[in-house]
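Consider the single chain below, provided in structure tokens and representing the form predicted alone.
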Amino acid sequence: MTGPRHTAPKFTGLVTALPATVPFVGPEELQRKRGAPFRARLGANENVFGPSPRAVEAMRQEAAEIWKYADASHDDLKEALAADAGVAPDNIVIGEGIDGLLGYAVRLMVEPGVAVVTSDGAYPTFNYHVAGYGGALHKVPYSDDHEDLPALIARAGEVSARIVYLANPDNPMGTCLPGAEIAAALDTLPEGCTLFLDEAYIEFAPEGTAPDIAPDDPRVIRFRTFSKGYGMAGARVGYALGQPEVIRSFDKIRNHFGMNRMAVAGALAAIRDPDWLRSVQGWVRDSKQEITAIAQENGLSVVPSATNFVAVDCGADGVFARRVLAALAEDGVFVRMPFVAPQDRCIRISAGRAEDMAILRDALPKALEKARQG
């Protein structure tokens, strides 16, 4: 007697055709490959200064209640965010970081063949979601290290795109567009096209970067997070702002019990502690000045940054920058770099503590020398 015959699972044609890749290789995986921890973790744009002590205490207290699911409506957090942003709670949906929310939003709008426009070299996780639903990605190059919003919108009109993705401030270059320019550009969006405005770094940007857009404007969905300014990247808490009808559509497909109860409690405490956020903003500003000084000491220039990282121009091409990156990694300094030329002439260094900056000051000249030797 023989047992049942087992066959391989039957995946969809789309999934079968997709490469088994991830948008980023995490620092933990890189550490395992190199067989040692990094001395300075300055590559993932995490906020090394950490969350508000009030947020930490709130999460600690909530640990005893972790046997419960989180409130699927997230009403308390939405009310606090609404008060902070000057909108109504029904303008907000909570999700598993911007990455999770982008996945939901793409699922709402993208099916095989649907055109989507983004910048060539912009945040790759968005592209990952679009590919996962069979969308047709159309890319526009950067202009002077800035995302080119008029060109993005023009391409959207050419291909009848359903989505234009724009990060402001931008990752990986750290540049930003004036908010007034973005608000005005909404009037040039093609009919039926939605602007996905990723504002992950908005807490670090100069006044006027966040556009003045009516919360009920159906042409835009804004994405924000507790991962950057609030120092809670590991908690995975993000939120989207949009027209109530658009926001309610997320309820059709989101994971209603996907949020961690402790993380939501921490986010609520964090939003109620603006003094800590102001302190973090000051520490980040000081660290970026230190990164700039270290770069200049080594004959390098930087791209002005509206984020918590600095793109350092290595003064050559992507091949040379990758040598610098590899040499830093060998010396225990984790940084990343843009993927696409000419932005790949740079390495991207996250703000860090004084001890991180001391390690960087020691490591960078050695890495540059090693890169120049080929």
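All values derive from a computational prediction rather than experimental measurement. For every residue, the number given is its place in the sequence shown, counted from 1.
The form predicted together with another copy of the chain exists for this protein as well; it is not shown, and the discussion that follows is about that form.
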item	value
Triplet 10, 249 and 261 all within 4.5 Å of another copy of the chain in the predicted complex via a heavy atom	yes
Residue 155 within 4.5 Å of another copy of the chain in the predicted complex, heavy atoms	no
Another copy of the chain contact in the predicted complex: residue 256, any heavy atom under 4.5 Å	yes
Exercise: residue 26 in contact with another copy of the chain in the predicted complex, heavy atom 4.5 Å	yes
is_contact(residue 228, another copy of the chain) in the predicted complex, heavy atom dist at most 4.5 Å	yes
Listed residue that, although another copy of the chain is not shown, lies within 4.5 Å of it in the predicted complex (heavy atoms), from 107, 139, 285, 272	107
Position in contact with another copy of the chain when the complex is considered in the predicted complex, options 217, 120, 90, 181, heavy atoms within 4.5 Å	217
Segment assignment from 273-281, 295-303, 147-155, 108-116: heavy atom within 4.5 Å of another copy of the chain in the predicted complex	108-116
Residues of 18-41 having any heavy atom within 4.5 Å of another copy of the chain in the predicted complex, listed in sequence order	18, 19, 20, 21, 22, 23, 24, 26, 28, 29, 32, 41
